[in-house]
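Consider the single chain below, provided in structure tokens and representing the form predicted on its own.
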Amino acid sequence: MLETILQAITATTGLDLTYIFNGKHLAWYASVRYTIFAAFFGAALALCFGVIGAAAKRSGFAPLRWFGNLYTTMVRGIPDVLFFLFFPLAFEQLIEYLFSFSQCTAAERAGGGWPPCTAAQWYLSTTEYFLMACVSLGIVYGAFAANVIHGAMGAVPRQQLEAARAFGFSSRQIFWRFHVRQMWAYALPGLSNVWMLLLKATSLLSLLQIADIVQWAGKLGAANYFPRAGLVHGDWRWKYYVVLFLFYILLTLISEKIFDYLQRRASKGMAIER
């Protein structure tokens, strides 16, 4: 079907599009799924970690409050790339360390090599690297989301909560029906910024040996030589990176439309200055 369409386009316009629809380019287009899935799964985890972190920061129990402040302060201060590389590597070596107790002898464990023995080595697949990348994104941007949610909880007018209490609502009803309901209207602008940062960070997936759109763009754009045909094309990487620029700009525009819609829904019936 695709070949027939390409032939029709070539016959009509004279443009030969077979090159951009060969096997490698189709693999590049398919790798978009890693970027999209990492963004959504990472955002879901970031929101979960953000709610937990914000709850910890507002807790009346001092150790929980200290933990929440430490989480948001420490993680936000670490460069994304370092944390993105540290967490999967540390988790992988932790698993190999635990494996070594059952798979390696005492002499092998005392040898100082890593992993202590071949049997303890954990070979990760793309799926496992991808899951750890999503968790890394969730932890890093959950700290940003926690600060946003914590601030939004404090921005809800206290007079409205006191009025709800005066009308006889229970503490649970006040929290879910009034506090949380109005909190989203204040939190969504900040959460949209967190989403944009997370979306840009998906370009780091190739650091974890995931063949994402950035890695494929580098491969396809590099100078291509064939022994029989000679130089097929020179260094075209800038052209492929321009395509990535347009791709991320498109995702940004779509995201802005979605967050504008969510903001209107969350602010319905509320007097919020913008």
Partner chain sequence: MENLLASSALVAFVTDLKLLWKPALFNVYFAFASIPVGFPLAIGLALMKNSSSWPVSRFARMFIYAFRGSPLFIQFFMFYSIMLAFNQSLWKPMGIDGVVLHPLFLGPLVLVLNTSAYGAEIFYGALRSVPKGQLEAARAVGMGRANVFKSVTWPNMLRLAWPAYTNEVVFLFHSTALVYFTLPVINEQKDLMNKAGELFEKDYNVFLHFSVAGLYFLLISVVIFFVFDWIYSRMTKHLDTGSAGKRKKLKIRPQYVR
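Bear in mind the structure is a predicted one, so any value in this text is a computation, not a measurement. Residue numbers count along the first chain shown, from 1.
We do not show the form predicted together with its partner chain, though everything after this point is about it.
Chemist: With its partner chain left out of view, choose which of Ala44, Val242, Ala30, Ala211 has a non-hydrogen atom within 4.5 angstroms of it in the predicted bound form.
Modeler: Going through each option in turn, the one that passes is Val242.
Chemist: Its partner chain isn't shown here, but in the predicted bound form which of Cys117, Ala163, Ala155, Leu197 has a heavy atom within 4.5 Å of it?
Modeler: If I apply the 4.5 Å criterion carefully, the residue I get is Leu197.
Chemist: Pick the stretch from 47 to 55, 60 to 68, 203 to 211, 22 to 30 whose residues have a heavy atom within 4.5 Å of its partner chain in the predicted bound form.
Modeler: Comparing against its partner chain in the predicted bound form, the contact stretch is 203 to 211.
Chemist: Since only the chain is shown here, I'm wondering whether Thr252 would be in contact with its partner chain in the predicted bound form (any heavy atom pair within 4.5 Å).
Modeler: Contact check for Thr252: yes, within 4.5 Å of its partner chain in the predicted bound form.
Chemist: Would you check, heavy atoms only and a 4.5 Å threshold, whether Arg76 touches its partner chain in the predicted bound form?
Modeler: It does: once its partner chain is placed as it appears in the predicted bound form, Arg76 has a heavy atom within 4.5 Å of it.
Chemist: Look up in the predicted bound form whether Tyr248 has a non-hydrogen atom within 4.5 angstroms of its partner chain, and give yes or no.
Modeler: Heavy-atom contact with its partner chain at 4.5 Å: present for Tyr248.
Chemist: Within a 4.5 Å heavy atom cut-off, is Phe144 in contact with its partner chain in the predicted bound form?
Modeler: The answer is yes: Phe144 has a heavy atom within 4.5 Å of its partner chain.
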